[in-house]
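Quick heads-up: it's one chain on its own, the form predicted alone, in structure tokens.
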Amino acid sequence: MSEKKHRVSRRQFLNYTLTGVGGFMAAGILSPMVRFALDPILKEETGQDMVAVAQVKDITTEPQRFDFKVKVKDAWYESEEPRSAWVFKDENGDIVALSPICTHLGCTVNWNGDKNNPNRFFCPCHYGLYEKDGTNVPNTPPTSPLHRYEYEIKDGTLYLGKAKPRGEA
């Protein structure tokens, strides 16, 4: 009697077999696709290297725009992306390197770009204003200060890293 309870019919056997074979085939097809999609996420992120931008002796108290290129790896595609920074020395002689990207909508800001607002960074897209140190002027579109680049000085050369918002370490 117990033998009859545990018997598998032909229909059940074929159902189990085809389901198992189909599952193995699906796994064989999907696993390379999943690996291909997840590979860039699983790779160890390499930190952005510092890039030589200018000689420290050339930096003044007036903001100057310096253009440079950064090697960028986007999944499998590697390229050099152009970047720029507004660099100057503050009252204490410390170097300040600001991103030219407006925090409102990503337009490019210019130093002394508006005759009505001298000695300020100006965003022509929506009339955004920033003070010389990068803080946003109240009652203008930007709601946060310009991002600052990480920097280091080696052998009289200024190297810039990644631009970060003000409160980040």
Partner chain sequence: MHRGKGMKFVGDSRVPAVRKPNIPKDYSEYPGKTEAFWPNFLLKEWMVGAVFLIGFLSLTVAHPSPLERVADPTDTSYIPLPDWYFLFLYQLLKYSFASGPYTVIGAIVIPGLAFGALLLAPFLDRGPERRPSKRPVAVGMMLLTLAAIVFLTWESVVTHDWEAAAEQGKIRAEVEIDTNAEGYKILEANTCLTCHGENLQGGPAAPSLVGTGLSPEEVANIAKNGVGSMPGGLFQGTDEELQKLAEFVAGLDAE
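Computed from a predicted model, the values in this text were never measured in an experiment. We call the rigid core whatever largest set of C-alpha positions still superposes within 1.5 Å between the two forms. Residue numbers count along the first chain shown, from 1.
This next part talks about the form predicted in complex with the partner chain, which is not shown.
*Residues Ala52, Ala54 and Val56 all lining the partner chain in the model of the complex, heavy atom within 4.5 Å*: Not one of the three qualifies.
*Within a 4.5 Å heavy atom cut-off, is Gly22 in contact with the partner chain in the model of the complex?*
Because a heavy atom of Gly22 falls inside 4.5 Å of the partner chain in the model of the complex, the answer is yes.
_Close approach of Ile153 to the partner chain in the model of the complex, 4.5 Å, heavy atom_ = Ile153 lies outside the contact set for the partner chain.
_Can you tell me whether Asn15 touches the partner chain? I mean in the model of the complex, with a 4.5 angstroms heavy atom cut-off._
Yes, contact at 4.5 Å.
*Proximity of Gly28 to the partner chain in the model of the complex, heavy atoms at 4.5 Å*: Yes, Gly28 lies within 4.5 Å of the partner chain in the model of the complex.
*Core-aligned C-alpha movement of Leu105 between the shown form and the other one, 2 Å or more*: No, its C-alpha moves less than 2 Å.
_Rigid core superposition, Asn119 Cα moves 2 angstroms or more between the shown form and the other one_ = The answer is no, as the C-alpha of Asn119 shifts between the shown form and the other one by less than 2 Å after core alignment.
*asked:* Rigid core superposed, CA of Ile153 - does it shift 2 Å or more between the shown form and the other one?
replied: After core superposition, the C-alpha of Ile153 moves less than 2 Å between the shown form and the other one.
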